[in-house]
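Next up: just one chain, as structure tokens, the form predicted on its own.
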Amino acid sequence: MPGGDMAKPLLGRRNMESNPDLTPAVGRTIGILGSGDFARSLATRLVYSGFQVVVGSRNPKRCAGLFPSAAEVTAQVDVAKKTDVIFVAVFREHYSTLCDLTDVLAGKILVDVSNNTEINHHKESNAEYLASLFPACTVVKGFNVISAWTLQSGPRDGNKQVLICCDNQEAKRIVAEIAQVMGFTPVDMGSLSSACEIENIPLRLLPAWKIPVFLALGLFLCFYTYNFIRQVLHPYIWEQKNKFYKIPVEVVNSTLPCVAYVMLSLVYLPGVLAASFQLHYGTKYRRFPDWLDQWLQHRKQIGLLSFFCAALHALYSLCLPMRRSHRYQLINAAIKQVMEKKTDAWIEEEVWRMEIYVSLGIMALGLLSLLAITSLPSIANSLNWREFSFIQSTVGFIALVVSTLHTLTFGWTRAFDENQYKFYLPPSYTLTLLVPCTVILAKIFFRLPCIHGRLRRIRNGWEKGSCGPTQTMPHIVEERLLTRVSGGLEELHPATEDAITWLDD
């Protein structure tokens, strides 16, 4: 197999010498039962990490050429005899073919790397089923969230975490050491009963994105229908004009900024609700309702979808002059101007409005780009907390204000023109202003000295009815899980603390 990065150990000699606990793991003989894609990638990574590898196959001669030359490919029974730690890289339905090795495998550590084809496909996890077949063995669940591609290219190009669970602490420690030497980060998930949850992780399709995506799609459908009625259906019914050509581009381009603007305001609205919640109860130690907690945890995804819609709006706007319909409209306007003997169609107010409108739009998109980039883990990890909070909080709120000015400039005085109300429906941009303006006004309200001072005392541990801040140990520990949002505090779940961004102070 080709070398390249694969031939370079992920932990150099200096790293191993600085961590003596990893030294016993290096040079250990590791067994692998199976000869599939994952087994081949696993064997390659183990070899280049300094391990001796013995691969067990039902047809060793046929599979020998698929593995690194340093790996020994032999019969399955030989693997069981030569190694104490064995990776079981076979499907669940083939576990029964290993029952002939029950006596030889007694006392061995079996690392189950399998996954199911469906979530909760079986009543018990694959690891628990393997443990029931081999009660004399110690079964460890691990490496199932690592793909064959990640093993081949190294953890620098994929997920670095290896989730491990087992009922035996010593076996769990040994597998964790092996994962560390391979360059991965082992994560202790507890007892073997956690295997079912670990096996479900690779089968979930973007679990943190489902609610934000459905929210964005729902807003898009609502605004698209609204704009279709105003821009296409109204001219067709009242003026007998065919405007259906606007459906693919113009109506979409009118809808995308509405979705982006509302989604951006929904990033900061839960911070306002959280601050109101704490002001009402006079404490930061009361848990938020589940719906608000879920909303707070999905702000990063909502913000990124807002940036996505804004970027699409910019691209659609750039493509507007390229349309054939736009060219025909320009020719018709020129002919009309000639027929009316007009020598100058310049309107100073419209020129200034469009110049300001486009400038504010570019600024808003630039600020959203900065927020999106700094939400990436690789960028966020290079910033300290003050820098990250400033960008996601202060700069984010500035982006909301600039987007509001962009929308107001687009509307200008047309919001007061009765001809703009088709079917007595107001322009869509007037509807989008409701939530953002509420957030901005709430932010101003929370910055009033009397309100800001009360929120500051609550942040410092003051509670309604108490004479001073509560400084008991549980409260101090809980305070470390709280992050400021919109002048209030947001309670973070420890498992999702790294994923929650777009903070609003």
Ligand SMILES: NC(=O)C1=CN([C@@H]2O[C@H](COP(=O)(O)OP(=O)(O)OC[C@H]3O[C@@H](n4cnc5c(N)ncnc54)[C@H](OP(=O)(O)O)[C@@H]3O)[C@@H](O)[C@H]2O)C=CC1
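One-based numbering along the sequence shown. As the structure is a prediction and not an experimental result, all values here were calculated from the model. Take the two forms, find the largest set of C-alpha atoms that superpose within 1.5 Å, and that set is the rigid core.
Although not depicted, the form predicted in complex with this ligand is the subject of the following passage.
*Can any non-hydrogen atom of residue 58 be found within 4.5 angstroms of this ligand in the predicted complex?*
Within the cut-off, so yes.
*Determine whether any heavy atom of residue 452 comes within 4.5 Å of a heavy atom of this ligand in the predicted complex, and answer yes or no.*
Looking in the predicted complex, residue contacts with this ligand do not include residue 452, since no heavy atom lies within 4.5 Å.
*Heavy atom to heavy atom, is residue 328 within 4.5 Å of this ligand in the predicted complex?*
Residue-level check for residue 328: no, no contact with this ligand.
*Would residue 216 show up as a contact with this ligand in the predicted complex if we use heavy atoms at 4.5 Å?*
Looking in the predicted complex, residue contacts with this ligand do not include residue 216, since no heavy atom lies within 4.5 Å.
_Answer option from 162, 90, 85, 71, heavy atom within 4.5 Å of this ligand in the predicted complex_ = Partner contact (heavy atom, 4.5 Å) among the options: 90.
*Which pick from 115, 194, 152, 420 sits with a heavy atom within 4.5 Å of this ligand in the predicted complex?*
Contact check passes for 115.
*Of 234-242, 331-339, 107-115, 170-178, which is the one stretch near this ligand in the predicted complex, taking non-hydrogen atoms within 4.5 angstroms as near?*
In short, 107-115.
*All three of 35, 62 and 76 touching this ligand in the predicted complex at 4.5 Å, heavy atom to heavy atom?*
Yes: 35, 62 and 76 each sit within 4.5 Å of this ligand in the predicted complex.
_Residues within 4.5 Å of this ligand in the predicted complex, restricted to 123-151 and counted by heavy atom_ = Result: 143, 144, 146, 147, 148.
_After a rigid core superposition, would you say the CA of residue 223 moves by 2 angstroms or more between this form and the one not shown, or not?_
Result for residue 223: no, shift under 2 Å.
_Once both forms sit on the same rigid core, is the C-alpha displacement of residue 436 at or above 2 Å between this form and the one not shown?_
No, because once the rigid core is superposed, the C-alpha of residue 436 moves less than 2 Å between this form and the one not shown.
*Does the C-alpha of residue 99 move 2 Å or more between this form and the one not shown once the rigid core is lined up?*
Residue 99 C-alpha, core-superposed: shift of 2 Å or more.
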